[in-house]
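One chain follows as structure tokens, the form predicted on its own.
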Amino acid sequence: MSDRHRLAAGLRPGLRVGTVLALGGLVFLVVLAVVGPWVIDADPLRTAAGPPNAAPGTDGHLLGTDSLGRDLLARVVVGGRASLLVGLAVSISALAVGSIIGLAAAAGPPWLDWLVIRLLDALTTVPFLVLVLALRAVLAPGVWSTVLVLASFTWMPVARVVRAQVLSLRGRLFVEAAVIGGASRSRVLFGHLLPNAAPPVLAVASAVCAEAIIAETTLSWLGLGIPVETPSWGNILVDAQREILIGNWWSLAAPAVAIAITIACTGLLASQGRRVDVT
């Protein structure tokens, strides 16, 4: 069976359905975060917009309010902008940087491959929080500084997967045929090897997106992430940790459900990508 037929066989109907569902969920969240603030008639930063600690459905507040009377639906929708932006920007950055470094390691001279592997091994031994604190010492808090901090460490798994995939594919018949046919080195790399390595690489990038959103939440919880005046799912959870003690479970449930849906969709994309058979 040819490589093209093997790839087609890997794209089973069940896989396509799972991919569509995951993409549909992510697109819905992105669209909601973009257009939601113009649809929802509430200011996520306005205190006393409603009665404090109002339960879901009270006085037109679908998800209730927090202890300051801020509408939780508006805060979750607007907070999705920052959190989803962090996840998408970090995954795109990791995909770009990791692909370039992994491809250079696999297709370059042996000394470069050795150097990249040693660099990856060294970086993965340093605790994540130590590196974050070091970068936070020189960067001001903000959405894009959070993206830069997280993107600095999330490209490594992408680079490892790209390197492994390119090394396994470069001996294939279609690659040898392209070389014999006179294809240039760049065409072989970017026209044959990298596209055929895409499914597992995109799966890792999907997982990176989920990890970035979780990391943003963790950094916000520690006071190292997005500033408190900018709504994000992480900052909403930080506020909720105080309110859950007085029984306001909805202040925790609203952002937690949004994060859970996002993680589920990106996790489904990652698992679907790993199931594609390109061998």
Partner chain sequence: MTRYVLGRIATLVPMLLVVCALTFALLDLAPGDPALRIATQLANGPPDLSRVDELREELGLDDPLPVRFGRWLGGVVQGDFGRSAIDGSPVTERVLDALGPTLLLTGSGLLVSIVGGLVLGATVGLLPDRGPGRLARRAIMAMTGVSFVIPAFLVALGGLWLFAVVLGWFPAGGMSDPGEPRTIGATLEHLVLPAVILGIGTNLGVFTRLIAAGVEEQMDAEFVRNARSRSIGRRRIVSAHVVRTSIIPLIAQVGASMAYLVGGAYAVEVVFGWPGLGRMAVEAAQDQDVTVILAVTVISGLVVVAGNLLADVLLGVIDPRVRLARSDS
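For clarity, every value in this text was computed on a predicted model and none was experimentally measured. So that the term is clear: the rigid core is the largest set of C-alpha atoms that superpose within 1.5 Å between two forms. Positions refer to the first chain, counted from 1.
The same protein also exists as the form predicted in complex with the partner chain; that form is not shown, yet it is the one meant from here on.
Counting any non-hydrogen atom inside 4.5 Å, which residue from I92, L123, L148, A177 sits next to the partner chain in the predicted bound form?
Filtering the options by heavy-atom distance leaves L123.
Can you work out whether the partner chain is within 4.5 angstroms of a heavy atom in all three of T19, V27 and L84 in the predicted bound form?
The answer is no; none of T19, V27 and L84 reaches the partner chain.
Can I244 be called a contact residue for the partner chain in the predicted bound form at 4.5 Å between heavy atoms?
Contact check for I244: yes, within 4.5 Å of the partner chain in the predicted bound form.
My question is simply whether L222 lines the interface with the partner chain in the predicted bound form - judged by any non-hydrogen atom within 4.5 Å.
Judged by the heavy-atom cut-off of 4.5 Å, L222 is in contact with the partner chain in the predicted bound form.
Even though the partner isn't displayed, in the predicted bound form is L252 close enough to the partner chain, meaning a heavy atom within 4.5 Å?
Yes, L252 is a contact residue.
With the partner left out of view, is L237 within 4.5 angstroms of the partner chain in the predicted bound form by any non-hydrogen atom?
It does: once the partner chain is placed as it appears in the predicted bound form, L237 has a heavy atom within 4.5 Å of it.
Does anything in 195-219 come within 4.5 Å of the partner chain in the predicted bound form by heavy atoms, and if so which residues, in order?
Counting only heavy atoms within 4.5 Å of the partner chain in the predicted bound form, the contacting residues of 195-219 are I214, T217, T218.
Rigid core aligned, does the Cα position of F128 differ by 2 Å or more between this form and the one not shown?
Yes, F128 moves 2 Å or more.
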